[in-house]
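One chain comes next, on its own, written as structure tokens: the form predicted alone.
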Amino acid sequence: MPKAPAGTLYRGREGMWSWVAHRVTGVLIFFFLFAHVLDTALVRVSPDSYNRVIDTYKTPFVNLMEVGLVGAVLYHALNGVRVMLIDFWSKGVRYQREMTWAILTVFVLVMAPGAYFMTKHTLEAIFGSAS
């Protein structure tokens, strides 16, 4: 029986870490949806309170949280495709490691410019525009 790698509780490699990340991103997305339903429902109770809550979302910190949310949804979706291929493709298990690296590559290629464009207005507000 192989020994667990030093410094980790898990015996798996890429597959185990992608499993953990898939669960974590799923929970984060769930909590976002729960908060989103609550803050949207607030408009029926008190429109002024709703407006105050929405105003708090226009901060640099929340902008970074939005980038994190998009990253969580993107990773969860890409890894979900990988999981489906492992389950339904006869060669999926054999290529699960390669597919993990492929989805991580696609994730970085999409998130890097996405994060830039999502935070561009916040960075310009903090540091001033370059023009």
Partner chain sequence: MTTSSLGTVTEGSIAQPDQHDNLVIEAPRNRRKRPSGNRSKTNFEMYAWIFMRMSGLLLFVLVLWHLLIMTVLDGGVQKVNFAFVAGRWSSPFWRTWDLAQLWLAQLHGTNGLRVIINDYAERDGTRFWLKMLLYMSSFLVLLLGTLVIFTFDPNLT
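Take the two forms, find the largest set of C-alpha atoms that superpose within 1.5 Å, and that set is the rigid core. Computed from a predicted model, the values in this text were never measured in an experiment. Residue numbers count along the first chain shown, from 1.
Below: the form predicted in complex with its partner chain, not depicted.
The candidate site formed by 65, 97 and 104 is entirely out of contact with its partner chain in the model of the complex, as no residue has a non-hydrogen atom within 4.5 angstroms of it.
Not displayed here, its partner chain is kept clear of residue 61 by more than 4.5 Å at the level of heavy atoms in the model of the complex.
Put simply, residue 36 is close to its partner chain in the model of the complex: some heavy atom of it is within 4.5 Å. Looking at residue 57, you'd find a heavy atom of it within 4.5 angstroms of its partner chain in the model of the complex.
Put simply, residue 13 is far from its partner chain in the model of the complex: not one heavy atom of it is within 4.5 Å. In the model of the complex, the residues of 33-52 lying within 4.5 Å of its partner chain by at least one heavy atom are, in order, 33, 34, 36, 37, 38, 40, 41, 43, 44, 45, 46, 47, 50, 51. With the core held fixed, residue 104 shows a CA shift below 2 Å between the shown form and the other one. Once you line up the core between the shown form and the other one, the Cα of residue 94 stays within less than 2 Å of where it was. After superposition on the rigid core, the Cα atom of residue 53 is displaced by 2 Å or more between the shown form and the other one.
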